[in-house]
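Single chain ahead, written as structure tokens, the form predicted on its own.
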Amino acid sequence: MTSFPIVELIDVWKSYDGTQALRGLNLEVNRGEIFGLIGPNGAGKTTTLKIIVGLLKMDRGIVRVNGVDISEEPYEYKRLIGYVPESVSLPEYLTVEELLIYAGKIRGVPDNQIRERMNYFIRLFELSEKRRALILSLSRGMRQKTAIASALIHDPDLLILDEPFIGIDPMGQHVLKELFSERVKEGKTIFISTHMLDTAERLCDRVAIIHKGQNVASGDLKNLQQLSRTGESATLEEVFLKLTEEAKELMVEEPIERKRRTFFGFLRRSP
């Protein structure tokens, strides 16, 4: 049987008010891997994730999740996904328990499984003392753990996280990494966007480096070292800096004076 990526982007474009966020982005995420999306600020990482989960519409291109074109079938594929955005916004008037029960119910998880999974994540993330506390009273790290638990309550095949370690203490980060590794062993997929290059180097099976909405390079560290000609001892940070610098040189911006001439020429032609 032919295997295909769990996530596939083909020539995806997206602009905001005339500013191009994605410029023909191509990307593949395989089943059973931890995949990292890295790039400078404004590279298009968050835009990419939001398009995949259906929070943004692309201008053109193809996105497939589990082989399904999300433009043709925009709802059913979301059953496979758990998603945690960079800026977590949770209903503060609920307790941790109430939120996880609610998340399980809207995902169609049987009641007995909701209770079992909720108890598991509360223990795993050391939230037992806060299980009946209002989310309003939680620290940033505890809110992040609660959000991740709610994204996992339906046991998704694909977990997508934007900067998942923000606000989480070192022990909590270790627990998360162990959890991600266990899920991959079960054939699940973890797709993270992060600026923490040292974490990405240790955690991810493969990464994609994007710059100005384009995929500069994808692969494991060895492949990226060869592509960047940085040597076998190069870190992901060194590879990243080399490849993004080369990408900057290739993407020559139109000179400012030419833009000014075009703009004022337009004004003169306007009635």
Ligand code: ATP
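One-based numbering along the sequence shown. Since this is a predicted model, take the numbers as computed values, not measurements.
A second form of this protein, the form predicted in complex with this ligand, is not displayed here; the remarks below concern that form.
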Requested in this report: Identify which of Ile70, Val29, Val216, Ala43 has a heavy atom within 4.5 Å of this ligand in the model of the complex; exactly one of them does.
Outcome: Ala43
Query - Residue among Glu86, Glu186, Asp155, Glu178 with a heavy atom within 4.5 Å of this ligand in the model of the complex - result: Glu86
Query raised in the report: Looking at 57-65, 199-207, 238-246, 33-41, which lies within 4.5 angstroms of this ligand in the model of the complex, counting heavy atoms?
Result: 33-41
Query raised in the report: At 4.5 angstroms, heavy atoms only, are Asn119, Phe121 and Ser150 all close to this ligand in the model of the complex?
Result: no
Report task. Report whether the minimum heavy atom distance between Ala21 and this ligand in the model of the complex is within 4.5 Å. Result -> yes
Requested in this report: Would you please decide whether Ser228 lies within 4.5 angstroms of this ligand in the model of the complex, comparing each non-hydrogen atom pair?
Outcome: no
**Report entry** Contact flag, Arg79 vs this ligand in the model of the complex, heavy atom cut 4.5 Å
**Finding:** no
Query raised in the report: Does Arg132 reach this ligand in the model of the complex, with heavy atoms at most 4.5 Å apart?
Result: no
